[in-house]
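Next up: just one chain, as structure tokens, the form predicted on its own.
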Amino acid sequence: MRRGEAGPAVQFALEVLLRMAELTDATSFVPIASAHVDGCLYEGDAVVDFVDHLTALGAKVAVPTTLNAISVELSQWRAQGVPTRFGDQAVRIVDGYLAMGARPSFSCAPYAMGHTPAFGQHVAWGESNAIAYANSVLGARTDRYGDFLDILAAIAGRVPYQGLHQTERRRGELRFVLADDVDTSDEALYPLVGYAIGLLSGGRIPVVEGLPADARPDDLKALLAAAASSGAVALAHLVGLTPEAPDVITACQGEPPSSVTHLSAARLAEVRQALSTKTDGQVDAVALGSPHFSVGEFRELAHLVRGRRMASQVRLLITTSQFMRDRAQEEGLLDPIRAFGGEIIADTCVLLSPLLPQHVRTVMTNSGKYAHYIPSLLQKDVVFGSLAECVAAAESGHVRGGFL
């Protein structure tokens, strides 16, 4: 492959991966079962140039490869007012990846769409929440593959054997225990716990005890997305819920954790306050779906909004994949949401595409990830709350006391 016998694209990919191996002191490669590409966003013309370079080399993916959420909704971006050049360049990137054989998933939650590697399988996934979910919930093995390393791994079909691919590097190091005074029935529990452990882990691997045994995949998704936003969490052992954590001892590979932190109701209340930059006043938009909304979340939202109507000055944006939107439509879940005033956006999200106009100043969300990034990436105020609280804010057009 290095000599070019498998073609110039494979040779190029392997040369870069060899440099990565040198930088991480890896001494061998490991084959991968799949890839998830985050580097499919239009973040400047350099991205277009890179994808054009790969397609000119005749690049093809060697393993099943999904694409992350992209920068525009393919079928609607012109109607949504996306600038023409931005949209054209975003589509050009997508076309390049599809020509390489990637699947048109366009979702930050590929694991909800059947892209679920088996326990112990090595994969090369990008996108912080997807990495954390693959490692923590599925028990697959992926390190953090940033933009372009993900597609190069997909082309080469292998990655350096280092980082979280190695068993010894997956050992839990920090123990977090939910205190007895925590209300585990609170639907905001999971992003709050995730955000807390992200802040406190400092790049080390957390082990979390005390989560409800009946936690749903959507709950774990919310927790891990928040943890990967507030900290460098690519793997969290959730005791009794994730494959490598039937108990603390197993999660820590027989070693004692270096510290124990109790997550009390008071501490989680502090985290909730930290997720909001504003607690009173007008709400201009409500953003849901980071990571992308699932059918289960559409069911819950449809139940909450049925028979209600959103305030005229508010926009409710729900971001999801085409796959989930079609399934929700088949179940009749989108009609009550649209009757309420909600807009369902596929392929992208408000962090990636210019969906929120300048006059939108305050956004409410139930997503720890959205709450973390909206102030810095979009320069807008954010209010964090549960899904029910988001619906109430959309209906009234305002929030008081941040629902705290």
Partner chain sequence: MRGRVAVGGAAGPAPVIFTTDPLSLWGGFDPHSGLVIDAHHPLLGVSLSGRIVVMPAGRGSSTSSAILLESVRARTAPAAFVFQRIDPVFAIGALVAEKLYGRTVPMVIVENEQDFSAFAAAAEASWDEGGDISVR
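No experiment lies behind these values; they were computed from the predicted model shown. Numbering follows the first chain given and starts at 1.
Just so it is clear, the following notes concern the form predicted together with the partner chain, a form of the same protein that is not shown.
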Answer option from Val61, Leu351, Ile337, Ala346, heavy atom within 4.5 Å of the partner chain in the predicted bound form: Leu351
Only hit among Gly96, Pro117, Gly157, Gly231 for heavy atom within 4.5 Å of the partner chain in the predicted bound form is Gly231
Please state whether every one of the three residues Met20, His53 and Gly146 places a non-hydrogen atom within 4.5 angstroms of the partner chain in the predicted bound form. yes
At the 4.5 Å heavy atom threshold, is Ser105 in contact with the partner chain in the predicted bound form? no
When the contact criterion is heavy atoms within 4.5 Å, does Leu41 count as touching the partner chain in the predicted bound form? yes
Heavy atoms within 4.5 Å of the partner chain in the predicted bound form: does Val47 have any? yes
Consider Val91 of the chain shown here, and say whether it contacts the partner chain in the predicted bound form, taking contact as heavy atoms within 4.5 Å. no
Only one of 120 to 128, 215 to 223, 72 to 80, 253 to 261 gets a heavy atom within 4.5 Å of the partner chain in the predicted bound form; which is it? 120 to 128
